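Here's a solo chain for you in structure tokens, the form predicted on its own.
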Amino acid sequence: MSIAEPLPRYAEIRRALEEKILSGEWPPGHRVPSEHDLVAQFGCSRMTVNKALSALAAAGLVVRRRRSGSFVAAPKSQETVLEVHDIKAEITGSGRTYRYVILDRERRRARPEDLARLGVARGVIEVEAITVLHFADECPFVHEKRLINLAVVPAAAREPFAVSPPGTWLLEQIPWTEAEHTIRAENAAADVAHHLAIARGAACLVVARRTFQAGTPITAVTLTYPGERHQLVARFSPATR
């Protein structure tokens, strides 16, 4: 029988603090005791405490701020790259409360930039242009700018979107056969920063998506996430020959 070697002291401290975070005893935003207090609590050197906190920061469990201390990090949302996601389901599925606000809505003849977003070379079509702000636990989660092709989804012009946001409603109403994602980093424009409650010019993750039905565009949406609160995940297999 082999005897497990004792954990290094910093790892013991990390585990003790990690348990408080993962159990929910310390919720997101909770201030972790200062290094001075942790040294006194665990009876160790400041270097050992610093190493434990650095390990928690590397694992994404705490955020360390110079002169302010360490705080429990908000859980990052994950989005798999090759799927069309229902934002409402994503948030409620993670145990957070969800709500949304329609910031702007307009029915109009498609402008040249609308046609470009939808991937339509030319033509006269009407679109429903909608801007939505989604919240998770009352914190701004993602800013959405969407175009809906009314030639394909005429019912969208009459839908009040009072019960479900446009993305959820579309997934329930219209089957899609193809989707296209473009992912980029962007600095937040003033209006987007205001709605997301982040600094103007802050780093954001932007997902631009178009969905099609038999080659005809259904909708084009641009989703802007605060960069520090969102990440993309892809899982794939080796190509077969």
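Whichever C-alpha set is largest while still superposing within 1.5 Å between the two forms counts as the rigid core. Residues carry their position along the shown sequence, with the first being 1. In this text the structure is predicted, and so the values were computed from the model without any measurement.
The protein also exists as the form predicted in complex with the DNA; that form is not presented, and the subsequent description refers to it.
- From the list 32-40, 206-214, 173-181, 189-197, the contact stretch for the DNA in the predicted complex under a 4.5 Å heavy atom rule is 32-40.
- A residue is said to contact a partner when one of its heavy atoms sits within 4.5 Å of a partner heavy atom; Arg9 meets this definition for the DNA in the predicted complex.
- Of the heavy atoms in Pro28, none are within 4.5 Å of the DNA in the predicted complex.
- With a 4.5 Å cutoff on heavy atoms, Met47 counts as touching the DNA in the predicted complex.
- Residues of 49-70 placing a heavy atom within 4.5 Å of the DNA in the predicted complex, in sequence order: Asn50, Lys51, Arg64, Arg65, Arg66, Arg67, Ser68, Gly69, Ser70.
- Once both forms are fitted on their rigid core, the CA atom of Ser54 lies 2 Å or more apart between this form and the one not shown.
- In a rigid-core overlay of the protein, Glu35 has its C-alpha displaced by at least 2 Å between this form and the one not shown.
- Fitting the two forms on the rigid core leaves the C-alpha of Val63 displaced by at least 2 angstroms between this form and the one not shown.
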